[in-house]
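Have a look below at one chain only, the form predicted alone, in structure tokens format.
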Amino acid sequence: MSDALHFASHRLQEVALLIMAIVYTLRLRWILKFPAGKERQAPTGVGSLNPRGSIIYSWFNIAQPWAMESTRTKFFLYLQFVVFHVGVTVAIGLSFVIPYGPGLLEYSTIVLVIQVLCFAAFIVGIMRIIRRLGSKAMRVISSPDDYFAVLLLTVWFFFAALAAPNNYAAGEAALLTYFWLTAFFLIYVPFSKISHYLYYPFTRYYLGKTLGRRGVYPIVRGNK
């Protein structure tokens, strides 16, 4: 392993993670400064008035495509969402495995699984770019950050798949590109719309708590 690759896979990633952690810590402190709003509406629904159960249901609603019309009626888009986000998880995990657990990549099956998932996410990324450019409605609601973020992730998936074999003896170009893209991604995310996942636990918590106390969430479906 060259000095350049060692720097990119170790020190560069550590600095990027530190910057990301600092920004997220500051942002979380800012969020927690605001007092939670008080519920003023009396219970109106026929469901459970236990907000704890509603909060948990709200948090895991994302894993229930049948619970929302947008995912229930457009399951293929939901499947793309799952593949894309699994690819993100795998590609980030790979950035830890290569420098700190390279022995795992000696198993061809593990490498193949990583490559399949990353290439699948890469294909979904291309589909998302085409959809965002080809749909008038998507173009209207898209900002430059949306285009850049999905393009960045799509390219990153491609190089993650190439880097998975961790064969730096055959050439370090793919590995170097992957690690530099990973570092840029880690620093860029807190300042982009990709950071929406930071707010997810808070927004779903308050949604579940508020609607759960009212007795309207989860929705109780009665007989027609």
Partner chain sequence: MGKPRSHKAEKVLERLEKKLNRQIVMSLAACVHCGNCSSSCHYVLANPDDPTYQPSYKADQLRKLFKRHVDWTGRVIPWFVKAKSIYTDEELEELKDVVFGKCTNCRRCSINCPMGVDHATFNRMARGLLVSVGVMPEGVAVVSKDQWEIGNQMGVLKEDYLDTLEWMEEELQEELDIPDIKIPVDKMDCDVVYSINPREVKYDPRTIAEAAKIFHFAGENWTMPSEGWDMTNFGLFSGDDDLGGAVGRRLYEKTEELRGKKLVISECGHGYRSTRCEAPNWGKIDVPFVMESSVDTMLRYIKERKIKVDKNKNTERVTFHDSCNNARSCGLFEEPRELLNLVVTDFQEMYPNRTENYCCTGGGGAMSMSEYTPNRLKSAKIKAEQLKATGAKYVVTSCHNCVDGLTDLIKHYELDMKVTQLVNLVANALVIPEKVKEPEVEKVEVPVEAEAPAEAGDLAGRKILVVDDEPDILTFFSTVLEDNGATVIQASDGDEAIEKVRQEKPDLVTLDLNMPGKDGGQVFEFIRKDEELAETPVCIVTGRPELRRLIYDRPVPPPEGYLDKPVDEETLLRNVRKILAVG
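Computed from a predicted model, the values in this text were never measured in an experiment. Numbering follows the first chain given and starts at 1.
In what follows, reference is made to the form predicted in complex with the partner chain, a form of this protein that is not presented.
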Problem set entry | Stretch in contact in the predicted complex with the partner chain, which is absent here, among 150-158, 112-120, 97-105, 132-140 (heavy atoms within 4.5 Å) | 132-140
Exercise. Of these, 167, 64, 50, 41, which has a heavy atom no more than 4.5 Å from the partner chain in the predicted complex?
Worked result: 41
Problem set entry | the partner chain in the predicted complex reached by all of 191, 211 and 220, non-hydrogen atom within 4.5 Å | yes
Exercise. In the predicted complex, does residue 207 have a heavy atom within 4.5 Å of the partner chain?
Worked result: yes
Exercise. Any chance residue 32 has a heavy atom within 4.5 Å of the partner chain in the predicted complex?
Worked result: yes
Problem set entry | Contact test in the predicted complex: residue 17 vs the partner chain, heavy atoms, 4.5 Å | no
Exercise. Taking heavy atoms and a 4.5 Å cut-off, does residue 23 contact the partner chain in the predicted complex?
Worked result: yes
